[in-house]
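Listed next as structure tokens is one chain, alone, in the form predicted on its own.
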């Protein structure tokens, strides 16, 4: 056995170890991920070395299986990680563990003074994953033999304080350790039970290192039995394999609605396996943060549910992304600002949107299934200005030409049904299809047979406001439609029009509208004849002609404004009720019925707009009018 020699750590290593040992960082299990990753790298080097031999042989392949073994000893309070990888010589051991390559002493000193920065960030910034073992260890022993046939077995031992001991052990090649590295961790007293529990160790491996490309053995069996499917050639994978992997990843009992397997070489190299669930995993909207893709670097989990890879409106997507180009130990803080991450994200978004476009083009019914489940969340993509055109092609709405509320229409489909010379796509917001079918603002559209897209959710208004146009067509609220343009279209059915008002009646109408304005006072900004109404006696319109009634309500909710807005009351001069009111007014301009009818019509309009909070007066008037009209009705039926 060779002489044991003692060596001092470099100053920056001692400082870093002190931070680790005294860390309050709670996710201490990360050390096992780091040791397994190092072991995997060592095994990859052996495999590469074998494939580059001139004769093509892989010496030792059959005799020495490429694997990682993890064992523990409760009584001794030790955890051992062994690999059959490339191993290290004495010089390599001193170089790899005794120093920190390209580290900054001043920066480490600053971290030591602060003492509160995330240890994960420290590991990531300096590439010192091995040293994370000192979060759980009182002492660590590394026993290694290089794959070089003449190599000696070397032992490295340290308590992680100021120095380490090196010793050459008596062992012949092919005995005990023919090649590879064994790391023996003497666990801290309070952590011994946690990290000598096989069930817990398997859980940690499944969480962080499940897709390592070599068998990881704990006890009598291999832990990582599910392969990194995203790394396999797409043409070799069956749909059943995708479904099995999806269920393993998400714990969903159903097969995925859709699968997207991506392999990208530029501008950044990565593989991704993305799934669209068949159902909404968050029906109550309570788990918006429970989203994101699992980010791997060379099969090692870096972050569970990374939220920077896909925007929130694509949060229904489940899956994994694996890249070769990121550092294995990159910290979460660095991930957020990493230019490679932004490139991956941009590519993923384009791939997902392109795939949805293909589904929509190839199978409208299948896309409708997707939309009914995930459409509400997808509509939040109105804020993705970089992908505005793709988003505009993918949104769907119910329409006045749909058979029921489940029918969907795209902007492109709307355009194919538009009238000649129509350059607007009209829309209207309402609580239901039935309510919109009765909306006074849509009477002229129904008369002219002009299609209107129906909006049922507040976010729909923001979609329209953000997009503003589509393929040369302007998105216009039906409430703000230019009546002169609509009048230019032919009326579908001939209808009996009321006899035109005489000059005398027009004068009386102007006077009566002034009287109604006096009755309603500041509740309305103006009372004027309407050009848009045909079936309803009155309707309310915003005086500025810009903000829709529904958007106004949204803004008032956001600002906690419960007041009733002041609007324009538009009156239909051809409606039978208004004509009767003209006759009554001409006889007696002070007849109480005029005031009663004015208030009733105004509050009925408020009710339709959703602004009437106190219906007592309206109900009282309705009962009074019914009592009077019932007396008239009795006389006419006698």
Ligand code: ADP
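Numbering follows the first chain given and starts at 1. Since this is a predicted model, take the numbers as computed values, not measurements. Whichever C-alpha set is largest while still superposing within 1.5 Å between the two forms counts as the rigid core.
We do not show the form predicted in complex with adenosine-5'-diphosphate, though everything after this point is about it.
Q: For the chain shown here without its partner, which stretch in 82-90, 207-215, 155-163, 361-369 has non-hydrogen atoms within 4.5 angstroms of adenosine-5'-diphosphate in the predicted complex?
A: Heavy atoms within 4.5 Å of adenosine-5'-diphosphate in the predicted complex occur in 82-90.
Q: I have 39, 42 and 131 flagged as a candidate spot, so tell me whether each of them has a non-hydrogen atom within 4.5 Å of adenosine-5'-diphosphate in the predicted complex.
A: Every residue of the spot touches adenosine-5'-diphosphate in the predicted complex.
Q: Is there a heavy atom of residue 320 lying 4.5 Å or less from a heavy atom of adenosine-5'-diphosphate in the predicted complex?
A: Output for residue 320 is no: heavy atoms all beyond 4.5 Å of adenosine-5'-diphosphate.
Q: With heavy atoms only and a cut-off of 4.5 Å, decide whether residue 96 touches adenosine-5'-diphosphate in the predicted complex.
A: Because a heavy atom of residue 96 falls inside 4.5 Å of adenosine-5'-diphosphate in the predicted complex, the answer is yes.
Q: Please run the contact check for residue 181 against adenosine-5'-diphosphate in the predicted complex: heavy atoms, 4.5 angstroms, yes or no?
A: Result yes; residue 181 sits at the interface with adenosine-5'-diphosphate in the predicted complex.
Q: Indicate whether residue 87 shows a C-alpha shift of 2 Å or more between this form and the one not shown, with the rigid core used for the fit.
A: It does, since the residue 87 C-alpha is displaced 2 Å or more between this form and the one not shown after the core fit.
Q: Residue 533: CA shift of at least 2 Å between this form and the one not shown after core fit?
A: No, its C-alpha moves less than 2 Å.
Q: Given that the CA-CA distance for residue 43 and residue 244 shifts by 3 Å or more in the predicted complex, does it become closer or farther?
A: Relative to this form, closer in the predicted complex.
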